[in-house]
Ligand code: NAI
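Quick heads-up: it's one chain on its own, the form predicted on its own, in structure tokens.
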């Protein structure tokens, strides 16, 4: 709904009322129509201000309405009605003006914004384009290049940047509504005819064809198969080359195609899934809404390698005082310089002063006695971490939360080394830790609800999407990654090449294929893990391709024995111009090595096509996801999908592995897994999970109903 009042004698004030962000629901749209009619028919009113309740202008459309038939006034004619008003209309932008909210503001004749307000058209992240005139008005107001940047990326700008772009007429650090009312009084006698953005000519560009050709090339490369960014470019081209009415018709056509697409459904599912994972629960029944997190004012980060540095930066940017500790003096000095640089760059981007006073450095653990929370980010070695947790338990004050940035080690074993195991949780960050949005919060069998709530809330303060998961080897993300990687290795043994597998996966939408990613991460990382697990020890007379009765690929081990660790050594699954090089090139040596390996082990290469690569890699990964749900390690499919989109570069326009399984059809996934398991009975990861079979027997319900078939989350080792 919307509230109407008259202020300062002659200004009609329309206030949008739909907490928390005044989304444009049917009731709000009807309220705007009704209150605007009142303002325009009130003879005492000379100008109008539209604002939002509680310091937020408008967060955009109510996405929940997308899945049902439209009710209430459509947004396009509503905005047209605002723009065609005979009295000046001013938008007072506080907090946010996003999506339809910014499109409403573009329909106003003037825009006054708070300097810290956030403005943007993020529809591309929902698989859509700005469909209420945004793609046509924005280029007319700020020019084609700037509009291409904002609309195809969906990025937000502050009020200050919006002023530089010409998106708003004035910014203020004072009360935005008061300033907008003053402004409305000053323009009350000026006819708004020349202020209607739809009548503006699109600013000319010297070579429009080259501009759009370059934009389309960049967008296609970045989108990796997503339809929405491409449609955004096409809509903006219509704004630049067609009259407004024809451009609006083109926008409508493109929007209609996107709106009903599977990609839009996938991206909207992901939008809601990110919110769902915050409503975590534990086996004890403890929930997010009944557990109060502990206060974290001061934290310690132990280990200042790449991860520790990023974690320190993320904490400081969240307003937490940090003690960063590293025993190696040289690495401590290098870390101090790197962290300062990261904080300065981040502050410059946000237009604030770097909070360098929030961090101090130490070469010993003594400052841990005075912190609220410790995050250790030392080398992934259980013995080392156990010793560290023993020391921390003796040193820290009662109530200090102890967290491990482990990517897969047993949190319960670490907790058992402490006096208060209930205060121990895993906080699995993803590199670079100050940039990546995902945080896996791992609860052990003795972790308290408050410890989980504290880690979840701290992740939120750092701008992360925190997902609570149970304790098992690899947790959720890395546990699922294992069969995915194994299948890629097996495909090489059976006749394909690293570049073909990577090509197929990248065409699917991954930022990098499995072998390029392995080269980037370092082949020696997995090699060390396999060594620790005893997988490299082959008994006399036993096959190098069998471990614990199951098929095993030693290819990665053999490359590491040759000193081929990936980019760092200039050789891995690919070759590079030099150690540290980034451009991956096919390696004839590697192809010869694979042929010799097949001959040595009596393997006959067969033709492997796109379908087999996708099905073997992705369906094995999905199957492990079903096992994780069956084991109660993840609370629901949304948790897995958020982890994979935000942490493992699963393409957002495909929703996540569990959502994608539903899109493909659970029956088909089951049938193809059965087919491959019959062909390869020595690969357990291809055997269809019981939960998958159960879902198929029950009619393959949609993904949001899978929780009805799941056990409660738990810790399982």
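Owing to the predicted nature of the structure, the values given are computational and were not obtained by experimental measurement. Residue numbers count along the first chain shown, from 1.
Below: the form predicted together with the ligand, not depicted.
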Item checked: Placed ligand check: the ligand in the model of the complex, overlay by site C-alphas, backbone/C-beta within 2.4 Å -> open
Margin query: My question is simply whether residue 172 lines the interface with the ligand in the model of the complex - judged by any non-hydrogen atom within 4.5 Å.
Written below: no
Margin query: Can you tell me if residue 326 lies within 4.5 angstroms of the ligand in the model of the complex, counting non-hydrogen atoms only?
Written below: yes
Check: Given that the partner is absent here, does residue 303 sit within 4.5 Å of the ligand in the model of the complex, heavy atoms only?
Finding: yes
Check: Is the gap between residue 263 and the ligand in the model of the complex 4.5 Å or less for some heavy atom pair?
Finding: no
Notebook entry, point to check: Since exactly one of 377, 117, 78, 342 fits, which has a heavy atom within 4.5 Å of the ligand in the model of the complex?
Noted result: 377
Next item on the list: Counting non-hydrogen atoms within 4.5 angstroms of the ligand in the model of the complex, say which of 389, 510, 429, 515 makes the cut.
Entry: 429
Check: Of these, 402-410, 480-488, 450-458, 575-583, which stretch puts a heavy atom within 4.5 angstroms of the ligand in the model of the complex?
Finding: 402-410
